[in-house]
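One chain follows as structure tokens, the form predicted on its own.
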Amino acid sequence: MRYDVAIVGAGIAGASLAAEIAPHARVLLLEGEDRPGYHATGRSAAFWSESYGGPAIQPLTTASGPMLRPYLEPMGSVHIGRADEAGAIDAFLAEFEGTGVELRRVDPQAMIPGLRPEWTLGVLEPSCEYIDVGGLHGDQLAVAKRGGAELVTGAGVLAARRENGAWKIETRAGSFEADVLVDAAGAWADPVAEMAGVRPLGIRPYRRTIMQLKTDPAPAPGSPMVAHIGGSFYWKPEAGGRVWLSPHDEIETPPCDAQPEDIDVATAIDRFEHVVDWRVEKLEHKWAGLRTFAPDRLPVYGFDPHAPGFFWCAGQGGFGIQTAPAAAKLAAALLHVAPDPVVAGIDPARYAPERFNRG
């Protein structure tokens, strides 16, 4: 069978795109692992924050909000800093002035029990919400299946070539043929491109560490997420009175099954203990995932200008889940499959692969 579109990668990017276009095209979803979302999507402590990723990402995040509503849980976020970080606070507020994103100065001492006295600056982002990643991803795969998309797991790409106007794709699960090849392979986006004879964009994966802590006191019900304006930590309350903590690390690494390093775990806990006077009773769980960025840290959506029928859907960094619904609609429009007015006001040129001069 010849497919209209073959999507490599069944994480949130590939699954959302498949769900969007399956009713309009014959779609094949190729996943290298035995289950979708193993490397990044399934390890994400995701939240919907209109400020996360900066103003260039905000239009995709804001447009995705209504579509994510069934998967969101109110949380709020407080960005905190010390007195010497006033410039960073001012710059953060100025960056989003006029965007419609609600940000307001607050006293973090009044919002975070046990906050150490040197943390005097705060900005509240009340619209920030927790995302049920598992529910979202599972539903997108189900929608894609109902639309007629075929999911093949254990189908790591071995080679791909353009022949007679179609892509011949060799995988560990067999051979397939499609008019369009979509690279939604996350950390493996550049390697997949190279296997298809397409010049890579310089997309690189970075390890991010997360851990679950039992603390005394436990975070109060309804507590906000807390993030350092300087980008050295964030934590969010979890069910059962636990805390999910990250040192906000970005360690460049080859594409792999990322694992947490003890030094990164220790660094996160040390930073945490310098912010609040809570006692860490137990490190209950630790894990790591991969966040993948293009050189300019913006996602890449669009046909490669030098490779007919090769479409990039990659480089979503840490904001891939919160932008997935709008990104899928934007990619579908660029594929000329399913234009949608929801993204009509978003300029696709900002995310186009043409912005990289590769000769």
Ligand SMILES: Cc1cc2nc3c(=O)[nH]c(=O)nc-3n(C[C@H](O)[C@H](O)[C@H](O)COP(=O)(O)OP(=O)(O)OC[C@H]3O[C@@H](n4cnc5c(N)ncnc54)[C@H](O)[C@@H]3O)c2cc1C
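Remember, predicted model here, so these are calculated numbers, not experimental data. The first residue of the sequence shown is number 1, and the count goes up from there.
Missing here is the form predicted in complex with the named molecule; even so, the following discussion is about that form.
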Taking heavy atoms and a 4.5 Å cut-off, does residue 330 contact the named molecule in the predicted complex? no
Do residue 41 and the named molecule come within 4.5 Å of each other in the predicted complex, heavy atoms counted? yes
Could you tell me if residue 304 has a non-hydrogen atom within 4.5 Å of the named molecule in the predicted complex? no
Heavy atoms within 4.5 Å of the named molecule in the predicted complex: does residue 26 have any? no
Looking at 91 to 99, 276 to 284, 116 to 124, 149 to 157, which one sits within 4.5 Å of the named molecule in the predicted complex if you count heavy atoms only? 149 to 157
Identify which of 32, 309, 53, 59 has a heavy atom within 4.5 Å of the named molecule in the predicted complex; exactly one of them does. 32
Non-hydrogen atoms within 4.5 angstroms of the named molecule in the predicted complex: do 81, 231 and 268 all have one? no
Going through 174 to 203 from first to last, which residues have a non-hydrogen atom within 4.5 Å of the named molecule in the predicted complex? 184, 185, 186, 188, 192, 195
